[in-house]
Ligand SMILES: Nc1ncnc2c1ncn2[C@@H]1O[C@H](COP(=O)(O)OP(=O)(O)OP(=O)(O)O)[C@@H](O)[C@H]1O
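A single chain comes next, written as structure tokens; it is the form predicted alone.
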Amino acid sequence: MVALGIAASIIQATKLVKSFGKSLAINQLDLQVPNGISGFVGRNGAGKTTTIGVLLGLLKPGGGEATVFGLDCWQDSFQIRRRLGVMHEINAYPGGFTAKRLLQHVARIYGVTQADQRIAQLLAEVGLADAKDKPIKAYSAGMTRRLGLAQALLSEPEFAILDEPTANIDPLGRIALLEKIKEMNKDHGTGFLISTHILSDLEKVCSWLSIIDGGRLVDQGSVTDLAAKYSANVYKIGVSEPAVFLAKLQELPIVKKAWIEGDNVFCQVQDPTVFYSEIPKIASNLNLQLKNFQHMVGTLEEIYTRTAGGT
């Protein structure tokens, strides 16, 4: 896992604690979130929403420290919220309002200049331009979540926290929303922390991942590093005579299992270091051409299953 310096973190929590009566929701949580698009993963009840409440200054921590932009989340919550966009898991919009009217109201609260121009731009970017004058009660779940994204980005925040942004949306709607998030990051440089239990969504957009379970951090790091760390040590080998190579490969004690798919040999091993040195030797001894040899990087599902134990 690549270490992340505190100076590079947008969000930093150290030994964070939050209880509700005798129930410990956050338990000595250490968290670092860089700029870019980051995932905050955990099963329902893992402590994600409580952590977000602390980061926004809506909940006072019982111990530890939490900062956003280097500012204390409780003492400096007003300054933080002026620079931060938020999309809550549950939004209670007035059903009789149109999207345009709702955003006009929010724009006045934030003091957004040239509000009508900004609202028109955002509604177009989230795919709601044609529905701007429809009452929100007529919106589908996907349209409502896209409206939530527009609201979160209305004040042009430096960073946005999205709590379960794709919950209760059909697969096509989830894909569309995630593409919008990627576009916002690319085109405007907006950073995101996406809290979710839907791992397949994060696979498409995130470069950093923090995994929480039981109110504690399980692991965090770049998605690439975590995938390599928690992969099952599966390798793909391209060789001139796969069947001959496979037979010899299966004699190695470090090989747990090996098989052929198409023109390639795949194998799962116990000791990658020894395995790396053995493959060229086997190919050379058998007078076979070694065409390619690569480590198959793990998926987010695999990372989560091997850390927090799945959903």
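All residue numbers are counted from 1 along the displayed sequence. Keep in mind it's a predicted model, so treat the numbers as computed, not measured.
Note that the form predicted together with this ligand isn't included here; everything after this is about it.
Student: 253-261, 66-74, 269-277, 38-46: which one contacts this ligand in the predicted complex at 4.5 Å, heavy atom to heavy atom?
Tutor: Heavy atoms within 4.5 Å of this ligand in the predicted complex occur in 38-46.
Student: Closest heavy atom of Ala25 to this ligand in the predicted complex, within 4.5 Å or not?
Tutor: Result yes; Ala25 sits at the interface with this ligand in the predicted complex.
Student: Answer for Asp201 alone: is it within 4.5 Å of this ligand in the predicted complex, judged on heavy atom distances?
Tutor: No, Asp201 stays farther than 4.5 Å from this ligand in the predicted complex.
Student: Please tell me whether any heavy atom belonging to Asp219 falls inside 4.5 Å of a heavy atom of this ligand, as the geometry stands in the predicted complex.
Tutor: Contact check for Asp219: no, nothing within 4.5 Å of this ligand in the predicted complex.
Student: Indicate whether this ligand has at least one heavy atom within 4.5 Å of a heavy atom of Glu89 in the predicted complex.
Tutor: Contact check for Glu89: yes, within 4.5 Å of this ligand in the predicted complex.
Student: Is it the case in the predicted complex that Phe20, Thr50 and Glu164 each bring at least one heavy atom within 4.5 Å of this ligand?
Tutor: Spot residues vs this ligand: full contact, yes.
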